[in-house]
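Take a look at this single chain, the form predicted alone, given in structure tokens.
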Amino acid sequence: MINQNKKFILIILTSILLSLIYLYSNYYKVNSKAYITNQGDNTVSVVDLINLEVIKTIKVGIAPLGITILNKKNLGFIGNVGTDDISVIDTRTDQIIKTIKLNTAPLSLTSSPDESKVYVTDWFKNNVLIISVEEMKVIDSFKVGKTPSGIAFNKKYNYLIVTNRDSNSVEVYNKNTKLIKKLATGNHPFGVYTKGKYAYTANVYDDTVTVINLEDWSSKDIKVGAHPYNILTHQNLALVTNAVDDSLSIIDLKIDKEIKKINTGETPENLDIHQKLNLLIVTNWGSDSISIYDLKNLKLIKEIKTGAQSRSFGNFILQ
């Protein structure tokens, strides 16, 4: 009788363990994908970040560039510069479920923290468009500075932050799209990132990044490599893609100084982090690929061929 009870308990424990393994593996299958916009062949490459391979190629509009992933809603919004529209992807099935017409070329995209709205920079008309995620259509827009490029939402202050490339400035708007502050940056700011009380811009023409304190509006510039394109931060480091150097600058934010560079593919442009997997992904426009690094030591794990002119301007990882 005792042996039978032990056997029964062992069967139960084994079943529970197998169920947990199944749930764990499926969780990562669903939430461990990168979506890479390939501007040169009008596709999006879906990359499995567990097995480190392209698992699907999705045809979208012409010249896809910007992207934002809505993790809670399992949606990806892809901006197609050549067809003036947005392709909306269901990230559970990796199928296009909607095409949103804009009548202008979308550049960069970001979403509100509650994922109810997507904001799109309109490079040619100096606007930001507001898309309702529920209605899947443009519901409003507002004027910004010259050639708005990068856009990001600061969760701490509910600020929308926009870089204006041709006026060498960054603009900060509140959640009601009222301008709060306009600040000078380096020459031709493009990518923008924000976290906590700071915002960061990558300034293409003077090889710097600008660090902005959103509490007292002070700022400082830090030298990096040639033609920095985009930036993000992790712990006490800032990571910057240098498009001409084919490198990634590593900045120590405690001393506000570049401490080293690491090699990437050709013409690196954008980057994103998968927090749970401790992976850094860099898109390489020139070598039609992505470079995947171990975030703990910034060592290259693998370079994966994607499509022609891989870009993914925005947050492109489902997690």
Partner chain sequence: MRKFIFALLTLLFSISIFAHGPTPQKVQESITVNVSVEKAWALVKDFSAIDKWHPAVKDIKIEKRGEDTYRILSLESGGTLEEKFRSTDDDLKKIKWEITKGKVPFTDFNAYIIVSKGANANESIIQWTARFYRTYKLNPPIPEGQDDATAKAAGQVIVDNGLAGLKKTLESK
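Keep in mind the model is a prediction, meaning the values are calculated, not measured. Residue numbers count along the first chain shown, from 1.
From this point on, the text means the form predicted in complex with the partner chain, which you will not see here.
Colleague: Find the only residue in 229, 77, 119, 173 having a heavy atom within 4.5 Å of the partner chain in the predicted bound form.
Modeller: It is 229.
Colleague: Out of 62, 50, 55, 259, which one falls within 4.5 Å of the partner chain in the predicted bound form, going by heavy atoms?
Modeller: Spelling it out, the residue with a heavy atom inside the cut-off is 62.
Colleague: Within 4.5 Å of the partner chain in the predicted bound form - does that hold for a heavy atom of every one of 157, 198 and 234?
Modeller: No, none of 157, 198 and 234 comes within 4.5 Å of the partner chain in the predicted bound form.
Colleague: In the predicted bound form, which of 67-75, 214-222, 123-131, 87-95 comes within 4.5 Å of the partner chain (heavy atoms)?
Modeller: Single hit among the candidates: 123-131.
Colleague: Taking the partner chain as it sits in the predicted bound form, is residue 113 near enough to touch it, meaning that at least one heavy atom pair lies within 4.5 angstroms?
Modeller: Flag for residue 113 set to no.
Colleague: Is there a heavy atom of residue 269 lying 4.5 Å or less from a heavy atom of the partner chain in the predicted bound form?
Modeller: It does: once the partner chain is placed as it appears in the predicted bound form, residue 269 has a heavy atom within 4.5 Å of it.
Colleague: Given that the partner is absent here, does residue 81 sit within 4.5 Å of the partner chain in the predicted bound form, heavy atoms only?
Modeller: Taking the distances in the predicted bound form, the answer for residue 81 is yes, it comes within 4.5 Å of the partner chain.
Colleague: Taking the partner chain as it sits in the predicted bound form, is residue 107 near enough to touch it, meaning that at least one heavy atom pair lies within 4.5 angstroms?
Modeller: Because a heavy atom of residue 107 falls inside 4.5 Å of the partner chain in the predicted bound form, the answer is yes.
Colleague: Just to make sure I understand: among 158-186, which residues lie within 4.5 Å of the partner chain in the predicted bound form, judging by heavy atoms?
Modeller: Sequence-ordered list: 165, 166.
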